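Given next, in structure tokens, is a single chain: the form predicted alone.
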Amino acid sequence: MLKKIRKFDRKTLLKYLRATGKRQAELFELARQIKEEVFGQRIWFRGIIEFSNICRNDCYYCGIRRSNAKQMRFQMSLKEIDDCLKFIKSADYGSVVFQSGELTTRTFKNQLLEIVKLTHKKYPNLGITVSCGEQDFAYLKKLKAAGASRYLLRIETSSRKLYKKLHPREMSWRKRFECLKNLQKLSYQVGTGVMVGLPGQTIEDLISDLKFFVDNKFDMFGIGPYVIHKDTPLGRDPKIQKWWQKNKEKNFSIFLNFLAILRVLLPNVNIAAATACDVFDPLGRIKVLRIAGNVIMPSVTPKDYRDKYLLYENKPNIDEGADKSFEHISNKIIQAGLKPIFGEQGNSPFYYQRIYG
């Protein structure tokens, strides 16, 4: 199985992406063993601050899309962000993730630069990840100089055909891919990801996604199962609503298989357990961490804003504060026999291999 997966044997990949029962258990065990050879049972923590839900994009699946008039918008102040950073420091998270809707205005770029500079100045040992969409090369260079060391930009799908179906005409797969390559040129630790279980997505698309990840040598991955949102073009479609409800369990199973195969292919990359997993299973993130994941990103976003940063429906833990999020996920990780690791940036071993050989 191992050799065939790593050789991208199509028949083997098809078999294990669809695997259930005993075959799925064998895949999960192989992925777990490979993960633990590199990371042991260690799980790195990153506190995520979703500091704005204002977005210029109009993706057909996303709850904070520009055209969603039902969405109340917010932008956290620097003082509020600084308060979140104080919690991250007190909880001894080794890293912070700054996430927002995608904007390229001068005001937004200046604000984000100020956030990164403040963080790096006050907490120089804190790993800084930015996840704020496509930005130009010169600005990404400024962010790097200000202290950001990691950048997460999900490609959403490696299929240009499927990308066109999910996004308005003004959005470009090619431009997004170019941004990922620019990040690599600037020596960021580069993260990307796709959604698994999208309407119109095929198993062949998922094989192409895996090949895309391997060929382009990304350092970290934020991959989530597709979750419907009623205030989006996809979510309003009765056929898609029915299809999604009918196929929820099957799609989540394929998602877990996808992550397991990714771990087999790339043993020393960072793989995060997405919060969206808990929509399908209360222990969804824990399942990912047991099988393939080595990173968890508890929300540090203030409670008043959590219900306004809804990329998808039924997002877990929107009614709890940062302290409760910390307590709940830490306990679950310990109960699962895994080891929460604090005070470490948790840099991708693959990154050091890629940069230094």
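This structure is a prediction, so every number in the text was calculated from the model and none was measured. So that there is no doubt, residue numbering starts at 1 and follows the sequence shown.
The form predicted in complex with a small molecule is left out here; the points below concern that form.
Scanning 85, 195, 265, 116 against the small molecule in the model of the complex with a 4.5 Å heavy atom cut-off leaves one residue, 195.
Note on contacts: among 55, 291, 34, 311, the single residue with a heavy atom within 4.5 Å of the small molecule in the model of the complex is 311. Although the partner is absent from the chain shown here, none of 126, 301 and 342 has a heavy atom within 4.5 Å of the small molecule in the model of the complex. The shortest heavy atom separation between residue 62 and the small molecule in the model of the complex is within 4.5 Å. Taking non-hydrogen atoms only, residue 253 never approaches the small molecule to within 4.5 angstroms in the model of the complex. When contacts are judged by a 4.5 Å heavy atom cut-off, residue 226 counts as touching the small molecule in the model of the complex. The small molecule in the model of the complex is approached by residue 99, whose closest heavy atom lies within 4.5 angstroms of it. The stretch among 211-219, 153-161, 85-93, 257-265 whose residues place heavy atoms within 4.5 Å of the small molecule in the model of the complex is 153-161.
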